[in-house]
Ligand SMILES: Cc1cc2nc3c(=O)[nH]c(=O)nc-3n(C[C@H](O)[C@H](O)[C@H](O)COP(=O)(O)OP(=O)(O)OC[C@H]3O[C@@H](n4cnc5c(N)ncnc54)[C@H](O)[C@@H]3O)c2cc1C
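The chain below stands alone, shown as structure tokens; this is the form predicted alone.
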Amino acid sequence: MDYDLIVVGGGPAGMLGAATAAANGLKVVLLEKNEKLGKKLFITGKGRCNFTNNGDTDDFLNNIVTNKKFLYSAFKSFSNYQLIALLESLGLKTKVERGNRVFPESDKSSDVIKALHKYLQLNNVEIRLNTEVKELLVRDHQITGVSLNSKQISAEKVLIATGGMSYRQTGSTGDGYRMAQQLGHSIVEPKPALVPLVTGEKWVKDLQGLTLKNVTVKIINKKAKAEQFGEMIFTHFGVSGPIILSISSFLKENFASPVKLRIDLKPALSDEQLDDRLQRDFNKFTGKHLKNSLDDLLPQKMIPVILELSGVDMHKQVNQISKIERGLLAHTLKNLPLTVTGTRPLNEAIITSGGINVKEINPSTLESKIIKGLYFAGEVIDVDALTGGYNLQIAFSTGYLSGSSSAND
């Protein structure tokens, strides 16, 4: 055999898997089809790289959307705290921001990649760039190596860490799905997760570029229930931003028909408190038209939209507004309706939902139940989570578990 372990894919899961296996005594080669390692990791979080979360185990499990039980062993084997400690030992300074999100102190994803590259070098992992694997080699249900364009490389074990199908320009083109399927694995249909939403309302385009902070978005749907608080943005096609991306992960099964969302623009205020607030503002702007009396409450761009949806005459003077009309305004502010007609394409999604069926992978080792010596890690598996560093921790934890398992099995 040329190597003990071949790792296919140089993202976070592949890099940590390769280094972990090598640290446990295996002769490891890491094959990456791009010209550099960590190409998708480089653009994560707009280049800032929110690489994990500082929350506890319950926080993590509450933010896993798909197959959380499957990940118990991976998180137990390599936690977020172990990841932070490892990267700091490799020279990366870290910081914790809102929502327990952990970033490199420098705000540079390249520093995370440098630390992982250093770890690979310290453990003598051979790295081959611009090297694309075409297929996996198997004999009698046992992995024997991989086939490249012009030659074969032999190994007792292979770890597939090729990622999903979003951001295809970074090399995530579904190679791992194809190779696993050829060996008998079933693939849960890849769909976009953490993806901007397309909406049907015409007024949304009028708000293009407007960011809303401290709002709540709720799904009004029998099949999916979710609510998110935070920041969102209106776009030319619909809505995006952190809470919209998270909401999208709960909608992936529900696009057979349009889905209704409700935006609460003032979640900190009860109906009574909001009515009091409206009365205070109307007293302040006595004698003015309604359309000129909401500047303290709403962004300028939003005022005509809210007034039109509420049905209250924007040209009326505020001192002529009735209690019923105030109620209509308040109801619209607390229940701004949006109709989701679809998502942006999979390639624009932050991550892929779907992938290799977890029923065919041993959760304690991440070894295939179909092919001996074949392991999986990262986004290629049918697991996904909300924003906040959770998806990258899945990559690191599954990378570590698969790498250590390959050395110990």
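Computed from a predicted structure; not experimentally measured. Sequential numbering from 1, following the sequence displayed.
Not pictured, yet referred to below: the form predicted together with the named molecule.
- The three marked residues, Gly10, Ala13 and Leu392, each reach the named molecule in the predicted complex, with a heavy atom inside 4.5 Å.
- When contacts are judged by a 4.5 Å heavy atom cut-off, Tyr167 counts as touching the named molecule in the predicted complex.
- For the chain shown alone, Met179 is a contact residue for the named molecule in the predicted complex, at least one non-hydrogen atom being within 4.5 angstroms.
- The closest non-hydrogen atom of Thr365 lies beyond 4.5 Å of the named molecule in the predicted complex.
- The shortest heavy atom separation between Thr162 and the named molecule in the predicted complex is within 4.5 Å.
- The stretch among 111-119, 151-159, 324-332, 131-139 whose residues place heavy atoms within 4.5 Å of the named molecule in the predicted complex is 131-139.
- Checking Asn34, Asn357, Thr66, Asn54 against the named molecule in the predicted complex, a heavy atom within 4.5 Å turns up for just one residue: Asn34.
- The partner is not shown here, but in the predicted complex the stretch 170-199 reaches within 4.5 angstroms of the named molecule through a heavy atom at Thr170, Gly171, Ser172, Asp175, Met179.
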